[in-house]
Structures are given as structure tokens and as C-alpha cells.
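Have a look below at one chain only, the form predicted alone, in C-alpha cells format.
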Amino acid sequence: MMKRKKLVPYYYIIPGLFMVLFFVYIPVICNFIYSFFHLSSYSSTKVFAGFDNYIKLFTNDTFPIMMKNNIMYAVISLIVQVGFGTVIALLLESKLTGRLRNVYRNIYFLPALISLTAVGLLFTFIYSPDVGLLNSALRAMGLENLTQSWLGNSKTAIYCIIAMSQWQFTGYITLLMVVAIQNIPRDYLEAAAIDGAGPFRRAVNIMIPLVKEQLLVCSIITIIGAFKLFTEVYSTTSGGPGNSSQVLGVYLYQNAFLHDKMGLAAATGVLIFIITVTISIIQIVVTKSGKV
């Protein structure tokens, strides 16, 4: 009887375990296997291809462009979303914001609630060369020589998409950091204030060290998001003009559902999986959860 009672909690885990198994781990394993085959959506025939899909992926002229765009997106997001977001969070939790603190929090977080596709369409209008808000603002300031087709120019397209993402997600990271800062024991800050530490020294010497784990988690979320980038690019440029704004996520989608190269798409998925898992393992090792 006692043995049966001890097993009861494990029975409740079984449904969740099966869901994770069938919807996460088995698809990952299947995708890994498919990456070694030539596959088509219109045929059940599988032709073993060895590493051919991986060779095509790594030797494709678009591969360096995709890696550069994904890495650039990650670096800029780290600086803006995590760096600038942390500064905003520190300001929101300071006395500077006063009674309007909650209003500011909502204003910063609001863009994160909007659908990615809707944001993509919104910024397509903003970047429009003829009636777009950006070019209209430049003309109003007498800077007509700077106006251009922002998403139609191969030199500016990816930067416009990155800027759009920073506008949307900085508030989300800010909110995560605000929560972490609120969990800092007030005793530490009050003791530092009594010892004569000003707001800047309290932020640098007490707050940031005590929220470093959350800071690292936010960094990892941002980097992983950068390598899973899809909707922002697909809803604005679809990787163009040419392949100037191409990224791994869009390349995977286009090969799978537009060019019917399921094996190549699977190989791209495996590459994204390896990159994101590697970054996650680094995060676990570096953060050493539980230690401050």
C-alpha cells in the first residue's frame, strides 16, 4: 500500500512526459535522420544522401550571408535589448521615475504584446519609400538626400529589420530585469546607502552582481532568438533583396515549402539546433545556477 502511494506522483508526470517525447524529442531525432536523405513532399521515396545536404548547405553562396546576418542580429540585440534594457530597468527601479513607474513599464512592454507579423507589416509601411513615416520625417527635417527604399536596398534591409526587432523586444528584456531587480533584498541597498554609496555605485556594485544570473539568462534567450529568427525577415523582405537579408530560419522554410528540398531544410534545422543547444550548455556552465 505504501509503495503504491509513493508511485502516485509519477503517474501524474506520465502524460506530460509523453507529450514532450512525441512533440519535442522524437521530431528532433526524426529531423536529424531526415537530414541524411533526399526527400520530397510529393513522394514517399527516400534516397540516402549521406552528408550531401550538409555539403550543399555549407558550400552555398548564401551560407556566409546567413551566418553574418544571424550573428550581427545577435550582437546588436545583446547590446540594445540586454544592455540598454538593463539600463532602462535600473532607471525604472530608481527614484527618478516616481509615481509614473508603472506607466513607464507598460509603455516599454507594450510592443512585445503585438504580433510579429503585425509589427512586420507596420514597419513595412514605416520604411515605405513614398509614403513611409521615416522618409517623410527626413523630408520634414530637410534631409531629403537621405531618403531611400530602406527595405529595397541590399545595404540597409537587414539593419532595418534588426532595428524593428529592437523596438519590439527591448521592453520584454527590460521587464525581466525589473523583476530580478525587485527581488534584491532591500537591506543590501539600504546598508550601501548608509555607507555613502550613491545610486550609480549601488547599481554597479550591488544590483548588477545580484542579478547576473538573470542577465545571463536574458543574454541566452536573446542569442537563441537571433538564430531562430524567421517572422521578422519573412514578413518584410523574405530574405531579399537578392539574399542580402537572408537568415537560417527563412532559408529552412523556403527550402522545405517553396523548393521542396526537405532534406536540405532538415540539415538547416539540425544546424540551428546544434547552435542553440551549444549556447544553452555554455549558459548552464557559465551561470553556475545558485551561485552569486
Partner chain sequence: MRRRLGRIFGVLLIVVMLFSLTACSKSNDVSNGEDKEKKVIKLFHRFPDEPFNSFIEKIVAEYEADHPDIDIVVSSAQNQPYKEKIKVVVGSKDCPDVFFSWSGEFSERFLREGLIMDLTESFNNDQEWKNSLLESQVNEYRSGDILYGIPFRLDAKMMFYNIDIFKENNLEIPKTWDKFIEVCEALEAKDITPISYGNQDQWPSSHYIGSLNQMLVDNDTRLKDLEPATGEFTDPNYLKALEYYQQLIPYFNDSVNGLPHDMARNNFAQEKAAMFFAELVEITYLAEENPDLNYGMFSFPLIEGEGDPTLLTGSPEGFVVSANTKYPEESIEFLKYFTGPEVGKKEVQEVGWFNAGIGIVEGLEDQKLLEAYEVIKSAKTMSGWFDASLYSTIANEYLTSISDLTNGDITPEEVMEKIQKVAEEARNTSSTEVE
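This is a predicted model, so every value here is computed, not measured. Numbering follows the first chain given and starts at 1.
There is also a form predicted in complex with the partner chain; it is not shown, and the following applies to it.
Across the proposed site, Ser43, Pro129 and Pro241 without exception bring a heavy atom within 4.5 Å of the partner chain in the predicted bound form. Not displayed here, the partner chain is approached by Lys261 to within 4.5 Å at the level of heavy atoms in the predicted bound form. Remark: Lys56 counts among the residues lining the partner chain in the predicted bound form, judged by a heavy atom distance of 4.5 Å or less. Although the partner is absent here, Lys155 sits close enough that one of its heavy atoms falls within 4.5 Å of the partner chain in the predicted bound form. A residue is said to contact a partner when one of its heavy atoms sits within 4.5 Å of a partner heavy atom; Gln168 fails this definition for the partner chain in the predicted bound form, lying far away. Screening 193 to 201, 174 to 182, 211 to 219, 120 to 128 for residues having heavy atoms within 4.5 Å of the partner chain in the predicted bound form returns a single hit, 120 to 128. Shown without its partner, this chain lists Tyr253, Phe227, Tyr34, Phe63 as candidates; in the predicted bound form, only Tyr253 has a non-hydrogen atom within 4.5 angstroms of the partner chain. With the partner omitted from this view, the residue of Asn205, Ser94, Ser149, Ser136 that lies near the partner chain in the predicted bound form is Ser149 [heavy atom within 4.5 Å].
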